[in-house]
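Okay, here we've got a single chain as structure tokens, the form predicted alone, with questions on binding and movement later.
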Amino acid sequence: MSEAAILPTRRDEAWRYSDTDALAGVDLGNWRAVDVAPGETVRETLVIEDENGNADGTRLTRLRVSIGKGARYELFGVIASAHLGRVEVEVTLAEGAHFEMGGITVGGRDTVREFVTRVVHAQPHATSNQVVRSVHWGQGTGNFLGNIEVVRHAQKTDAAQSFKGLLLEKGASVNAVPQLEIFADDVKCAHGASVGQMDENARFYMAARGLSPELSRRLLVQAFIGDALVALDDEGEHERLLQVALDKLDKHL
């Protein structure tokens, strides 16, 4: 039976908080391979946004990435549309390679938008860093499921994950599932996850200095999601991705 014919359920760890009912008719075998040659640097940006005014449907992007010795792969993305918007990334790092990812999910209604990653440190001295920020309202759900695997001989690995979720309304939810499988003993691996609401003290501070409630709220959210794009040093792409997220958020701030 083909991969496309075997639909996952929410019992599957990688789909625990997803909307598996939205997968009917979706080709789950459609993976795109990315091979980064030794010593090379590749950067990709991706955006899931409204197409021709259509914010519904299922949008699934799946990447299998192989990063060669001393190479670097950067991925920055915004999921701002689709009833189910999902980006899956499987990464294997060779010796001295680096993987950098920044992701933003925004959404309301009853949408589900999520990043799912599996990063395999297969050789020594490789590094990885993942930063995901989620802002949701209504009945919207934002997810980050991140698995880091360090094989036995991959000494001097340095891997990190950071996830933060911001809930603009009651009823929304965000979920983080960090997983570390470490079989080497000389490594640095860290993950952090937090979920909260708008910082009312910061809003009060900004209002006391003459900023309107709307502008204060927008600036706080902009700074929050901007964390995911700190490593993106292309100013044009940085502004484009940030604006996609803010355009979706502006109606709810």
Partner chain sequence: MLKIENLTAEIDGKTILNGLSLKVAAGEVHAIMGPNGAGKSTLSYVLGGRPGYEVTGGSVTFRGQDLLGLEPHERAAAGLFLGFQYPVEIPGVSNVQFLREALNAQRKARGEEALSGGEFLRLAKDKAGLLGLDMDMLKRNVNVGFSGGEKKRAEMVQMGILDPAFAVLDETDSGLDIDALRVVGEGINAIMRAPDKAVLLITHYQRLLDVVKPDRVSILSKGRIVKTGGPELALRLENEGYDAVMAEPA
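Since the structure is predicted, the reported quantities are computational estimates derived from the model, not experimental observations. Numbering follows the first chain given and starts at 1.
Just so it is clear, the following notes concern the form predicted together with the partner chain, a form of the same protein that is not shown.
- Screening 194-202, 64-72, 180-188, 34-42 for residues having heavy atoms within 4.5 Å of the partner chain in the predicted complex returns a single hit, 194-202.
- Though the partner is left out of this view, residue 47 does not reach within 4.5 Å of the partner chain in the predicted complex, counting heavy atoms only.
- The partner chain is not shown here, but in the predicted complex it comes within 4.5 Å of a heavy atom of residue 213.
- Proximity of residue 30 to the partner chain in the predicted complex: non-hydrogen atoms within 4.5 Å are absent; the residue sits far from the partner.
- In the predicted complex, no heavy atom of residue 26 sits within 4.5 Å of the partner chain.
- Residues of 213-249 that come within 4.5 Å of the partner chain in the predicted complex, judged by any heavy atom, are 213, 215, 219, 220, 222, 223 in sequence order.
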